[in-house]
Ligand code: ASP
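We begin with a single chain expressed as structure tokens, specifically the form predicted alone.
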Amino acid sequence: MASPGPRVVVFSTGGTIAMGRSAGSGGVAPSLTGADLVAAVPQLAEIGVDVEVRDFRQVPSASLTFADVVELAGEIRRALDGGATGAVVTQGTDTIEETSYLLDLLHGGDEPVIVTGAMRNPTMAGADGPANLLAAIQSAASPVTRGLGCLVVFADELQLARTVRKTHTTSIAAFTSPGSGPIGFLREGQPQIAAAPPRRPALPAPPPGKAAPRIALHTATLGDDPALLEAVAGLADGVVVAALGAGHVSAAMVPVLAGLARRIPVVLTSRTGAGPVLSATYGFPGSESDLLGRRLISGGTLHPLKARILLQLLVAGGAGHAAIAEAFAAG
């Protein structure tokens, strides 16, 4: 008796891939179910994969919350524990670089979790949703993606959740990994992995019902006003600074950041989007060495949006300053 083929569970959350014409606004809005998305890919019947569909949410991805994604991670874990080979999440593209990273941080198993969506909605000529969904399911069903954590699949490219960015507002090739590139590609429906960096251990999910910590994200700019950061940070449980260059802010910002770092975790990242925060190259007030010497925590090469997700998860789990610094040092 032949063994059953791979089984992939598709979790639909809405987004551009699931949008149809809205009678009220004249634009498009989430309206298609997961079953609708799968039905639009007739090639699925030919690839030998048992596809199960679960409708998790039906919203634009800007309306997904931290709690939603934590809950989704739990649903994915239960599906995988129930024997699924892998999981696929379809969602809007606006927050994929954040949701995929949070899913990756929470996923400790070897089974692949693939996130995809569409840049062109189904009412447009050349809609990319069906091709992306097919590629995502093929990737989730393949043994070569095991042990890689959560991946983002768009335009037949496989990107690590840790590095992927949305770098264009409309291009179907919007998802890239600046500084590293994709880790693989699909060739004739099969994922090919070029490089697979080691994974970090999964982090525990926050306790159910606990409110998500407030993590402020401040982008350093020319003529930055310290009073604005001070006002916002008064409500925050942690702060991520998207600093200039290799980790720099104006001298006027230093007293505020130093004061914040004495009471809450403050993570130093770069707004450039690629390259590391330095540690000991520059020595002026507001330089990376000055700020790190004032208890700010280096974000390493993490993009500010990713750093905010990691800090939010760590603070939710009750991590102290030393544990947070260690987690960011792990990459």
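Heads up: residue numbers just count along the shown sequence, starting at 1. Bear in mind that the values here come from a model prediction, so they are computed numbers and not experimental data.
One more form of this protein, predicted in complex with this ligand, exists but is not displayed; see below.
Is there a heavy atom of Ser12 lying 4.5 Å or less from a heavy atom of this ligand in the predicted complex?
Answer no; every heavy atom of Ser12 is more than 4.5 Å from this ligand in the predicted complex.
Does the 4.5 Å heavy atom contact test between Gly92 and this ligand in the predicted complex come out positive?
Residue-level check for Gly92: yes, a contact with this ligand.
Does Ala118 make contact with this ligand in the predicted complex, using a 4.5 Å heavy atom cut-off?
Result yes; Ala118 sits at the interface with this ligand in the predicted complex.
Can you work out whether Ser61 and this ligand are in contact in the predicted complex, taking contact to mean some heavy atom pair no more than 4.5 Å apart?
Looking in the predicted complex, residue contacts with this ligand include Ser61, since a heavy atom lies within 4.5 Å.
Since the partner isn't included here, can you check whether this ligand sits close to all of Thr16, Met19 and Lys166 in the predicted complex (heavy atom within 4.5 Å for each)?
Yes, all three are in contact.
Just to confirm the contact call: exactly one of 136-144, 224-232, 179-187, 92-100 touches this ligand in the predicted complex at a 4.5 Å heavy atom cutoff, so which is it?
One stretch meets the cut-off, namely 92-100.
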